[in-house]
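Next up: just one chain, as structure tokens, the form predicted on its own.
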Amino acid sequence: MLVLFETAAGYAVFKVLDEKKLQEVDSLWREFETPEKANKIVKLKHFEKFQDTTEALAASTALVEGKLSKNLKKILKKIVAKDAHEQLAIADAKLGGVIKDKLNLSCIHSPMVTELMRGIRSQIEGLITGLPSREMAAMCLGLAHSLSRYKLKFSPDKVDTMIVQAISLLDDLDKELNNYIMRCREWYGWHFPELGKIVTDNLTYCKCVRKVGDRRNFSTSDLSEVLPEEIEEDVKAAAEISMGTEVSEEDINNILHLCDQVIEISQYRTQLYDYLKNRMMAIAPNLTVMVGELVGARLIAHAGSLLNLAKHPASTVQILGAEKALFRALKTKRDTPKFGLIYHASLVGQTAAKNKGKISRMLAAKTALTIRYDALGEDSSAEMGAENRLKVETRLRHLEEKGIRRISGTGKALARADKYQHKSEVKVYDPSGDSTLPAVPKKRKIEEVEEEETQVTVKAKKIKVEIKEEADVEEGELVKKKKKKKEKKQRAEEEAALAEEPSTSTAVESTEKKKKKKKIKVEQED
């Protein structure tokens, strides 16, 4: 077995002397504890040294990208082709596939090879003879610096850093412009307050003030280049009857200088916007077609780069920029936000309020696809973005028309619907359900009526007889109970009289006195 080992100094090809020891992967590190033990396992067969740092950088970049460099191809043809029957151990599986396709060599990549490479790297100074350690360290340092410069090399095609800086500067300019214009209106408003109500556009307002200066000059100045004729007449009429205060020339000069600043910043902002638009179409054309230049640039700036944005799923792209609202909703257990920066896209803006969530979700899904196509694809056309935008517009039209059109196919065919025909049914009112009493015919026979009356009277008599019998039985029971109570009382009185015979005389006297007292009281009351 042969081993291809890459170093900062050059390519090294080793011959494995004892393949049996390689089977024990866990204990293989013990065979590389010292240079003497390592020389018993592998032996250097060939070493191809790099001539300079440029050649080393070209070789290392080819290895990073998984490509076969010209120098490595020559070495493999010369050295390894002689022992074509043996396997070649490779550290990178992708590079092994390229070597197998181009040179028809059997390559191997396994955990055993990884452990073998680790052992060779630990004893590289003892295995490669004629290469001082100081020279090896210097070549490693030089290659590291060159490789870092190569990775940070300016690329005009995929420079998303410029977009991040441009959109940040654009936002800062908008804030500064708002502050300057507000200060200019308030400052000049003390001198000519009516002008602010007549001229609403900020840039036009500053141009008028810059051209005229003092309000007394409005009547003699020509504002046809700045204002329409109707508004110019209104401004001149308002200047004659203005309620503003008089200001000095020094104050007017400071206000004019501020107007110059506003006009210059506005012109620079338009120039910066054109630059951002062109840069976005060069770097992310499909994303620009989907959501526009400003929204696309803000998404890239929020993620940090176009590649970082491509790593985000569609659900994250949908709520990117609404992190505070998301975590607040999760904390309070309420509904999470439906959109973030993507809310400012034109497709979401022209949607009805009830459908904004659905359209933002679909737009985020299609936008995630276009971002990955722009970041990782080699094609720079905007066809994919246009197709996805058409699908989102078709979905939007379908939602607005409430399912009349269908999405599948071209999205133009109308969905088939049966013609509506109104069928009126005349229903007759049924009076049978009005009363719950049994229905009786109006004319009845006299005999039936008499029979019913006799039956009713007989029933009534029977009921009365039964009631009387029940009452008699109850009265008899009550009489018997009263008799028993009287008998009990008499027996009790007799027993009490027998027991109180000696004190009868005293008792009789006391009773007579009581009776007399009662009679006297009664007479007095009368």
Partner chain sequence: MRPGFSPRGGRGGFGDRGGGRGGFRGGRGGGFRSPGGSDGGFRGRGGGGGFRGRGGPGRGGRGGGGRGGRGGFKGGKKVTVEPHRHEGVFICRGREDALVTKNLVPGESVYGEKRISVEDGELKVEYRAWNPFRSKLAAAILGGIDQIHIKPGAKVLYLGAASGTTVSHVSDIVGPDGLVYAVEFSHRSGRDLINVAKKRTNIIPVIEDARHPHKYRMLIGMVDVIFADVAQPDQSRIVALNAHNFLKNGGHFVISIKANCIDSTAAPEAVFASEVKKMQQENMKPQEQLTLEPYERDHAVVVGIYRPAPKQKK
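Rigid core: the largest C-alpha set superposing within 1.5 Å between the two forms. Numbering follows the first chain given and starts at 1. Owing to the predicted nature of the structure, the values given are computational and were not obtained by experimental measurement.
Form predicted in complex with its partner chain: not shown, discussed below.
- Query: Closest heavy atom of I41 to its partner chain in the predicted complex, within 4.5 Å or not?
  - Reply: I41: no contact with its partner chain in the predicted complex.
- Task: Consider K207 of the chain shown here, and say whether it contacts its partner chain in the predicted complex, taking contact as heavy atoms within 4.5 Å.
- Result: So K207 does not count as contacting its partner chain.
- Task: Determine whether any heavy atom of R334 comes within 4.5 Å of a heavy atom of its partner chain in the predicted complex, and answer yes or no.
- Result: Contact with its partner chain, no.
- Query: Is R389 one of the residues lying within 4.5 Å of its partner chain in the predicted complex, judged by heavy atom distances?
  - Reply: R389: no, not in contact with its partner chain in the predicted complex.
- its partner chain: the contacting residue among T200, S224, S248, S148 in the predicted complex [heavy atom, 4.5 Å]: By the 4.5 Å criterion, the partner-contacting residue is S148.
- Item | Proximity to its partner chain in the predicted complex, single hit among I181, A91, L105, A166 (heavy atom within 4.5 Å) | Contact residue from the list: A91.
- Stretch from 136 to 144, 256 to 264, 353 to 361, 224 to 232 whose residues place a heavy atom within 4.5 Å of its partner chain in the predicted complex: Contact-bearing stretch, as computed: 136 to 144.
- Message: Just to make sure I understand: among 117 to 142, which residues lie within 4.5 Å of its partner chain in the predicted complex, judging by heavy atoms?
- Response: Contacting residues: R118, R121, S122, C140, L141.
- Answer yes if the CA of E293 moves 2 Å or more between this form and the one not shown after aligning the rigid core, and no otherwise. Superposed on the core, E293 moves its C-alpha less than 2 Å between this form and the one not shown.
- Message: Relative to the superposed rigid core, does I319 relocate between this form and the one not shown - that is, does its Cα move 2 Å or more?
- Response: No: I319 shifts by under 2 Å between this form and the one not shown.
- Message: Once the core is aligned, does I342 move its Cα by at least 2 Å between this form and the one not shown?
- Response: It does not, since the I342 C-alpha is displaced less than 2 Å between this form and the one not shown after the core fit.
- Item | Shift in CA distance, L306 and H145, in the predicted complex relative to the form shown here, given it is 3 Å or more | Closer together, which means the C-alphas of L306 and H145 are at least 3 Å nearer in the predicted complex.
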